[in-house]
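As structure tokens, one chain now follows by itself in the form predicted on its own.
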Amino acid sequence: MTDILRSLIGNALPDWLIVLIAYLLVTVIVLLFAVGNFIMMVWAERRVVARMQDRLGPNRVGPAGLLQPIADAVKMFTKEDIVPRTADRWVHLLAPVVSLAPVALMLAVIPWGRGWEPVDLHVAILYILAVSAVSGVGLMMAGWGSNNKFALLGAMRAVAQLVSYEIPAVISLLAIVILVGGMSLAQLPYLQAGVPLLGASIICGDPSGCASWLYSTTTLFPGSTQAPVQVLDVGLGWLVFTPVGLLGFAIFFIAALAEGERTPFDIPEADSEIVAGYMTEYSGMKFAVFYIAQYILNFTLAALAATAFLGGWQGPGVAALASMGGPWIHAAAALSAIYLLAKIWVLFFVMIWLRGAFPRLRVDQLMDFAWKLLLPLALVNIGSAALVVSITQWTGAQWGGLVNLDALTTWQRQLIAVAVSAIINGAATYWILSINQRPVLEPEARDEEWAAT
């Protein structure tokens, strides 16, 4: 953006002002893009869930009800802002802002296309995990500041849920950090070029140049004596096609459902149990800010899942267009942005589908699922990721003489790592699921258990 402004303005403005204007423009574009997606996501969810439940959904305001979100926004802007008499007014006011601000900050490090990164932060994954944790403070502020027992109970349940599911989510991303050797989200799509299973690890030594060529003859290890390999870069070397990436994606997506308060993890807003959770005492635009924060969080988590596990903006044709140079580089960037947006919307459709298909979990089931199932699987996945790195990158000296894989080619090492990690993850998943399986009870015993709960 800075280069574009310099070419348009020239020397009319000082350099620092051009940089400032460029950052402001990028911020406005990203926020408008997120809000536009929020509007479409609300409309799509209402229409899709209605079809799943044999209803029509919004269909009166505008063609196919497309203007219904605009009408709802006007209603929210004009509704009276009611604050309970005994509530802490400042905490009640700031809670929605504290919930929305971290979500907006997370958008800054998502690579939205090839070369379209608002900020290329070397510790982007750590930044997202740190910033996302702040939103839980806003939820607790809403429950406490409302001076309402139902709101406080909903806030406590929300924070407990966020803390419980943030741990397996962080560990699943840690496995990806071990595999790629860095925490930069901007570099992750480049590392997922190439072909399934083998990915870009055998395409080039410099990750930033992986997507610039259709073919490469560089080995995995710079200066290696192994014969060079030639691989067609079709943009499908996604980490989800590997055993470590597949298990990590499943864990992270389930944790994202819980952090975004999606069904079956919508316990913080269990309207049939505690009115509306931490939002019970909110109305008008304050309620709308919570609503916007939740949907933008779902959008951001889907974008993070797509970037970390589904190749981000990678896809067939991106590398081919980029290798042609000139104006085709911009065409490659536009195509890559379409790929990323399509992946985000597919993940969001799965969220909608789960809402229409599954009932809400109980609190004890929700906690057991996080601590007894997801956490052990995430820890096993870290071990598998470390083993993959050792098989593909360690020399015989690093193995201490126990194993010597130096004579194997890059392809053989990669396939051995895939096979070993698949066996470990598959066996661990089967074992952990089996020990957590509930026994099948006779009808009389099941009725007694239900009565006890």
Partner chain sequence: MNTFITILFVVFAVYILVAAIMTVTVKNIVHAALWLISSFFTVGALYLLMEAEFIGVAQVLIYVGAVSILILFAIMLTRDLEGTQNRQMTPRWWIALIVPAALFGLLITPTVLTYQWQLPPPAPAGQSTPIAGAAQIGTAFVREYLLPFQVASVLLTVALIGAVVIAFEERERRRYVPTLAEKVRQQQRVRRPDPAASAMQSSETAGSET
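Numbering follows the first chain given and starts at 1. This is a predicted model, so every value here is computed, not measured.
Below: the form predicted together with its partner chain, not depicted.
Report the stretch among 360-368, 138-146, 301-309, 73-81 that approaches its partner chain in the model of the complex to within 4.5 Å, counting heavy atoms only. Flagged stretch: 138-146.
Looking at its partner chain in the model of the complex, is some heavy atom of each of 16, 126 and 133 within 4.5 Å of it? Spot residues vs its partner chain: full contact, yes.
Contact assignment for its partner chain in the model of the complex, among 337, 195, 156, 174, heavy atom within 4.5 Å: Contact residue from the list: 156.
Contacting member of 250, 350, 91, 320, with respect to its partner chain in the model of the complex [4.5 Å, heavy atom]: The residue in contact is 91.
Quick check on residue 20: any heavy atom within 4.5 Å of its partner chain in the model of the complex? Although its partner chain is absent here, residue 20 would touch it in the model of the complex, with heavy atoms inside 4.5 Å.
Taking 4.5 angstroms as the cut-off for heavy atoms, does residue 152 touch its partner chain in the model of the complex? Looking in the model of the complex, residue contacts with its partner chain include residue 152, since a heavy atom lies within 4.5 Å.
Its partner chain contact in the model of the complex: residue 121, any heavy atom under 4.5 Å: Yes.
Going by a heavy atom distance of 4.5 Å, is residue 183 a contact of its partner chain in the model of the complex? Although its partner chain is absent here, residue 183 would touch it in the model of the complex, with heavy atoms inside 4.5 Å.
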